[in-house]
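Shown next as structure tokens: one chain only, the form predicted on its own.
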């Protein structure tokens, strides 16, 4: 793994950080530097997959490109990195779908709670070009587009000291959610107090009791240490939201046809490797969280949570009627791959 340039986002604003990156120069020994940022740890499936992308592209085009991976928010929060990708200060970043919702209403669809009936339906829908392409291309005017999706599992609630067995248990609790209007609305319906914040701030907020809990997949317990503070993880399974690898449009458009094809193969490789690593990582995370961190895993009836959030589907389709054809295609996959509980 290459040595990372240690840029401190806490010191630089987005504008200063962009200038600092531009000042680093765009080439390395005649090779073009391609910077990719994300917010996960080095052992996370996302980073593992990106390192495979780096190896693959450089094995094919190493005389032209030097791929540099920046994990752990070295380039700032996800919101910062999306802005840097917009301007071309960096070339790619992994962004939460919830953040992309603020750039294109199309991404609102994937943020809907209980949109997918099962993991199989989720994977089949995300692999369906008729579903994802209109959404992935919808941010081109903003200067970036999605190049692949990354499995981020199922999002569930986890709390410091209050077991969540029903929506009523969330009443009065301050729960960190992603910086998304949809996620805030979800928490309002479920009775909790939504507290949007960047992912890098969550551990300290939990530890200092600024918040009572958060919602994320199992990896947050171990890779990010949240299981050291939160002792209850409840499988309400409210969302299956992909992370999205986005690329700067100018960079992508400037690639030759031959180079673009290699990059596209690399994007497919990222998706494949990350999904394989994800399955292994979740099992390892659950084992470590239970045995080393003392986390209790709870399996509440998901139906009351689902019923509470049903209104959001109607609200979204009423607000964004153009999304209904895509929504209907997802429902087709749901019918083919119903929940195992059904």
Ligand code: GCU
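Numbering follows the first chain given and starts at 1. Keep in mind it's a predicted model, so treat the numbers as computed, not measured.
A second form of this protein, the form predicted in complex with the ligand, is not displayed here; the remarks below concern that form.
| 78, 152 and 243 each touching the ligand in the model of the complex (heavy atom, 4.5 Å) | So, yes: the whole triplet contacts the ligand.
| The unique member of 222, 178, 108, 159 whose heavy atoms fall within 4.5 Å of the ligand in the model of the complex | The option sitting close enough to the partner is 178.
| The unique member of 148, 139, 182, 217 whose heavy atoms fall within 4.5 Å of the ligand in the model of the complex | Comparing distances to the ligand in the model of the complex, the residue within 4.5 Å is 217.
| request: With the ligand left out here, work out from 53-61, 310-318, 282-290, 33-41 which stretch has heavy atoms within 4.5 Å of it in the model of the complex. | output: Careful reading of the contacts points to 33-41.
| Partner proximity in the model of the complex: residue 232 to the ligand, non-hydrogen atom cutoff 4.5 Å | Close contact is absent here: in the model of the complex, residue 232 is far from the ligand, nothing within 4.5 Å, heavy atoms only.
| request: Flag residue 96 as yes or no: does it have a non-hydrogen atom within 4.5 angstroms of any non-hydrogen atom of the ligand in the model of the complex? | output: The answer is yes: residue 96 has a heavy atom within 4.5 Å of the ligand.
| task | Please check if residue 203 has a heavy atom lying within 4.5 Å of any heavy atom of the ligand in the model of the complex. | result | No, residue 203 stays farther than 4.5 Å from the ligand in the model of the complex.
| field | 4.5 Å heavy atom contact, residue 267 to the ligand in the model of the complex | value | Although the ligand is absent here, residue 267 would stay clear of it in the model of the complex, with no heavy atoms inside 4.5 Å.
| query | Does any residue in 191-215 get within 4.5 Å of the ligand in the model of the complex, counting heavy atoms only, and if so which ones? | reply | The one in contact is 199.
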